[in-house]
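The chain that follows stands alone, in the form predicted alone, written as structure tokens.
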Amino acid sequence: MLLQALRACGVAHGDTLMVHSSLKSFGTFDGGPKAVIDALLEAVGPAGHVVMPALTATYVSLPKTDGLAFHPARTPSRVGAITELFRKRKDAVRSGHPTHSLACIGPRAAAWMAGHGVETTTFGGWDGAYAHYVRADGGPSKLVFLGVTMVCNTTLHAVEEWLGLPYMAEAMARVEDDAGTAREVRVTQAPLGPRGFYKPQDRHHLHMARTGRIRQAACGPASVSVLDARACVAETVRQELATPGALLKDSPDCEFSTKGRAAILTMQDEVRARADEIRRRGLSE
């Protein structure tokens, strides 16, 4: 059933998929998370790639992590059962980013994940794992949302970094080596602070819906939504150029957003230059 829904949304052999998911949304799904993963891998075939977030949010400043330190082979994903089983598979390669790692299965997985390590701690980077999946060596790259909305679209944070938006933060994260020794590392371009697109009816989502670029199907009680990744980047860049601070909360009561928007307005020439660089690097249409 999931394979049929993916095909109805245009997923084909050779595609690269960035998948956000919720197992609960499927209700009772025969085979559980393994069956979901198997359907995704079958959809793209042996030449394709499946990428999933394996986020840990192991910031020193967040008490909810309870002192958890990041190790790519040991630290569990905090974004759902499907992502946790996926990153533990023997054929999966996980990037080493201290808070926002990705996991990937496919022929280029090791090369794509290599530029997103503990010592390369920008969120996205021009040659990081997000850039590799979006560019997909020039092949088709798609965002897939299984039973979730686009409020969890972490690729938007990579776009914020690629545009050089000034409200991206610096923070300390906790990592550990193979012996279990923990240390703190500085994470630059961290996506801390509120965003408007964290809410379903935000202007960003309404704009994306109006483009007609999102294809949808049903898989039991769950929705399946698919959007071309480079189209998503391009539309997000267009929004930012037309409305500086487009991904921030559209509220005068949000001090973070008000300050961020004011800072962006002082650097419009730089933002436009970085938008051109995004296109030049094959990260948007």
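In this text, all values refer to a predicted model and were calculated from it rather than measured experimentally. The first residue of the shown sequence is 1; numbering continues from there.
There is also a form predicted in complex with a small molecule; it is not shown, and the following applies to it.
Chemist: Counting any non-hydrogen atom inside 4.5 Å, which residue from 114, 171, 168, 148 sits next to the small molecule in the predicted complex?
Modeler: In short, 148.
Chemist: Which residue among 185, 156, 214, 152 has a heavy atom within 4.5 angstroms of the small molecule in the predicted complex?
Modeler: Only one option qualifies, and that one is 152.
Chemist: Choose from 25-33, 246-254, 217-225, 43-51 the stretch whose residues reach within 4.5 Å of the small molecule in the predicted complex, heavy atoms counted.
Modeler: Single hit among the candidates: 25-33.
Chemist: So in the predicted complex, does any heavy atom of residue 124 sit within 4.5 Å of the small molecule?
Modeler: Close contact is absent here: in the predicted complex, residue 124 is far from the small molecule, nothing within 4.5 Å, heavy atoms only.
Chemist: Report whether the minimum heavy atom distance between residue 92 and the small molecule in the predicted complex is within 4.5 Å.
Modeler: So residue 92 does not count as contacting the small molecule.
Chemist: Residue 81 near the small molecule in the predicted complex, any heavy atom under 4.5 Å?
Modeler: So residue 81 counts as contacting the small molecule.
Chemist: Though only this chain appears here, would residue 55 touch the small molecule in the predicted complex if you measure heavy atom gaps against 4.5 Å?
Modeler: Taking the distances in the predicted complex, the answer for residue 55 is yes, it comes within 4.5 Å of the small molecule.
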